[in-house]
Structures are given as C-alpha cells and as structure tokens.
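Read the single chain below, which is given as structure tokens and is the form predicted on its own.
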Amino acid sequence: MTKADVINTLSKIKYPGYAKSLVDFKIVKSIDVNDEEIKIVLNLATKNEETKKRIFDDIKTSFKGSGLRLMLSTVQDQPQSTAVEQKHMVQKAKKRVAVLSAKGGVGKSTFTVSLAIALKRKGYTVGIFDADIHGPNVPRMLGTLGERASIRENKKIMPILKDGIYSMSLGYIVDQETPVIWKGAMVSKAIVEMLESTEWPDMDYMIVDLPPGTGDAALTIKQNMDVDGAIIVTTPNALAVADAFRTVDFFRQVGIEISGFVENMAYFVCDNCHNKLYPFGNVEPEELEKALGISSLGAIPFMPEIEEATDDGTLSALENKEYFDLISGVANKI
C-alpha cells in the first residue's frame, strides 16, 4: 500500500455530519506507510469526543484487512512547545478580545466594528486595535478615513476618537491607498511599535481586528498582549468551515481561549417573498458547533443597509434594531 492509496481511502470517508471527506476538510496532517504499518496523524480541532470516535472508527473500518498495523493519532496528542513570552501590553483594558477569521471576505472587520458599537451602546468604554496591516479597513468603517494620529512630546501616539470609540490603525499613520508590501518580520515590528507607542485611555474592552488566517500578526498579538478570548467569524459554507478548523487549532496551540464563533451572512430576507434565503447553505449552528468544537455566539444575516453603512463610515449612527440586537446578543455572551 502506498501513501496515495491511503489518501484515496481517506478521501472516501465523510466527516461526520457533512458530505465532504476528511481530505476535503484538510485535517489529515501526515501519512507514513511502510511494510508493517500505516501512521496517520490528524489535525482535529473539535473537542467533541463523539465526533473524534466516529472519525477514528470509520478510519479503522476502512483499513481493516489491509494486513498492516494502523497507528492513529492527532496533532493535539503531540507535545507542543508553543510557550511565548508575554509583554502584557494594553493593560488599561479590562478585557482584550481578538476577532479573527480563517479566510477573507466573511465580514470580520464589519463584525469587529459592530461589536464595538454594541458595547459602546451598553455604556462600556471601547477601543479597537486594527492589526490587519495589509488591509486596515477599520478607519473607513468608523468614518475616520483620512485622519492622522497625533504624536505627543513623549512620542506617544494618541488613538483616534470617533463616536465614543477609540481606535488605532496603520491607516492613521501611512496613506491607506498605498499598498503595504511588507514581509512577516516587518508586519510584526509594526504591530509591536503601535502597541508600545499608543497611549490608550482606561477601557472596559479592547477589540483586536486580526487579519485572516494564522500568520505573523496573530502570533505577534499573542506574544505581546494578554488576550482574554477570541471570536471566530465564518460563513457556513464548507470551505470556510474547513479553513476554520485550522484557525481553531492554531489558537488552542498558542494558548488563547476561543469564546466561540459567529456565523456571519448566514441568511438574508427576500424583499419580495420575505422568506429567509441561505446563500452559503442552511447549516444548523449545532452542526457547526459539533464540527468546530466551540460554541455558537450567534447567526448574523446579510443586510445591504449594513454594508452601505460600513462603506460610508456611518455604521455607528445607524439605527437598525434587528441587526444590533443580534450583535448585542453576541456581546452578552462574551
């Protein structure tokens, strides 16, 4: 039996509750085949023991009769050496929450700003740190596009205050229309310098808008800030969920507690028939909870009015009770 044979067999095993296979979900970390045994290491982010058992049982059944000893393990079973030094920045915030997504285009920054607005409306003092160096969209959404951060005599940078929300972004320091062509080390340096230099006020919540994926920015935030929890923003389609597996696993490995996930653009209401339509598929939150092994914090619909407000920078002034009640519900859970 060859490695290709093993992959072919695994590609026929469905992930519990989904039509996609284990290979489609990209949870097969490594395969080693010799004359005596087959070693398979899986990257299973889910904490659901029933799901894990089902996957292991299905694999064992599929390779029964191969004549080779089957050795199954997970990345989570392997010893991890991901301890990182904490520099404890932004201690003026009582709670620090990271918002992340496995891929772009799922509305992560829109949710970040919406969450900040919801918390502000509850009476909390809120700040946003825009750690998305290559795509700093927070200024546009807050209506602060074009503003520049001022620097005090002590060389401290003052965050921008708009509608009661403090924010800091690379977009306040460099021209946002100019592409930032930086490698990982430069991205990390920019984040650290902004964290060190910004003179934040006392805050109840600091929300960090991370770039998509599990790159240098996410690890830099972990190394330089005590993060109390993380929220994953995803759409319910299979590709986004598959990518979210790796994001969940990454944050668990570096020791950041995941508060749960938000299913964004979960549906929209038709203007004509007034029915809920599901552009990315109608997946029950319980199924996503089972797949990801984390709790659902809420399902947020797609609303053209919200998208227009984020483009115009008028989201904080928008009175959309249905939308902000849903965002407020997420805020209550964190």
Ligand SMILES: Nc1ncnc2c1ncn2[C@@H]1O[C@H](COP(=O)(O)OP(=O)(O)OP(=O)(O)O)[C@@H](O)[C@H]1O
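Since we're looking at a predicted model, the values are computed, not measured. In this text, residue numbers run from 1 along the sequence as written.
In what follows, reference is made to the form predicted together with this ligand, a form of this protein that is not presented.
**Student:** May I ask you to choose, among 40, 288, 300, 44, the residue with a heavy atom within 4.5 Å of this ligand in the predicted bound form?
**Tutor:** Answer to the contact question: 300.
**Student:** Which one of 31, 68, 306, 283 is close to this ligand in the predicted bound form, taking close to mean a heavy atom within 4.5 Å?
**Tutor:** Comparing distances to this ligand in the predicted bound form, the residue within 4.5 Å is 306.
**Student:** Sort through 103-111, 149-157, 217-225, 242-250 and report the only stretch with a non-hydrogen atom within 4.5 Å of this ligand in the predicted bound form.
**Tutor:** Partner-contacting stretch among the options: 103-111.
**Student:** Would this ligand be touched by all three of 132, 141 and 212 in the predicted bound form, meaning a heavy atom each within 4.5 Å?
**Tutor:** Yes, all three are in contact.
**Student:** If we define contact as a non-hydrogen atom of the residue within 4.5 angstroms of the partner, is residue 59 a contact of this ligand in the predicted bound form?
**Tutor:** Contact with this ligand, no.
**Student:** Under a 4.5 Å heavy atom criterion, is residue 292 part of the interface with this ligand in the predicted bound form?
**Tutor:** Taking the distances in the predicted bound form, the answer for residue 292 is no, it never comes within 4.5 Å of this ligand.
**Student:** Residue 265 near this ligand in the predicted bound form, any heavy atom under 4.5 Å?
**Tutor:** Heavy-atom contact with this ligand at 4.5 Å: present for residue 265.
**Student:** Where, within 241-258, is there a heavy atom within 4.5 Å of this ligand in the predicted bound form? Residue list please.
**Tutor:** Not one residue comes within 4.5 Å of the partner.
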